[in-house]
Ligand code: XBP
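Next up is one chain by itself, shown in structure tokens, the form predicted on its own.
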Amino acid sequence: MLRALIFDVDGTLAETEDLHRQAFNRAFGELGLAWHWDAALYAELLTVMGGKERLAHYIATRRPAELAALQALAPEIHARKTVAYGDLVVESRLPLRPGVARLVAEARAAGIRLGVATTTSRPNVDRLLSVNFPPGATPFDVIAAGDAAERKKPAPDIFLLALAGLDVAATEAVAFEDSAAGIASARAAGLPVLATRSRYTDSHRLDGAFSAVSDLGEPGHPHRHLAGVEWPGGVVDLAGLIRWHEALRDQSAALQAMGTSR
């Protein structure tokens, strides 16, 4: 049976990536660095998973002459960036993407466990949740974030950590992702993946997802179907996910029975 839903954060729960870009630029300015990451450059840098790793990659490839000094400065840059990002989330009251709050509420009402599996830092997750849920609310049972896993996506580590915390098998859960690396990470952990498009991953291939849609959709505001499983009314809801999961289970059982009978 379906027991858990596990969400990526950046681009999946909310369109956060441009705020991350702006936060990096704020941090650069505070430290007197004449750097500016525009949207095109940031889209390129997003092929490196994790903010600390992204910054290290930029320094190594774009500022090699200053490598030693900038590597020493990198922790302060990232710390300032994290503060700036939290401020931007609050200033903008950054909303969740269409359908996310609805599906989270449906899952909680039905006793389905909820998890987060993300490469972003835990304070970033907490700030996003604080502006979208009532004070003291804990919508997610487990938050696997940032440096909690040894390897970043596309390695499966962060999803395996979330599964362990939720105490569910990969076959009992569905992952939600928006990037090629995220899909690869979830699939490597054994999870089926529902993919949504986001601003900075619009060009990513969504291979490996059992369904790909523009967003989760809302009643009266359906999503755009991209590939794989289609959802009635253009809305991904818990009832539909349970039906899909039950059909997958029945199909797997039938294939197993055929193999045994040979």
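Note that residue numbering begins at 1 and tracks the sequence as displayed. These numbers come from a predicted model, not from an experiment.
One more form of this protein exists, namely the form predicted in complex with the named molecule; it is left out here, but the text below deals with it.
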Partner proximity in the model of the complex: Val9 to the named molecule, non-hydrogen atom cutoff 4.5 Å: yes
Proximity of Leu46 to the named molecule in the model of the complex, heavy atoms at 4.5 Å: yes
Exercise: Gly234 in contact with the named molecule in the model of the complex, heavy atom 4.5 Å: no
Proximity of His78 to the named molecule in the model of the complex, heavy atoms at 4.5 Å: yes
Stretch from 101 to 109, 68 to 76, 161 to 169, 120 to 128 whose residues place a heavy atom within 4.5 Å of the named molecule in the model of the complex: 120 to 128
Sequence-ordered residues of 158 to 182 touching the named molecule in the model of the complex, heavy atom within 4.5 Å: Asp178
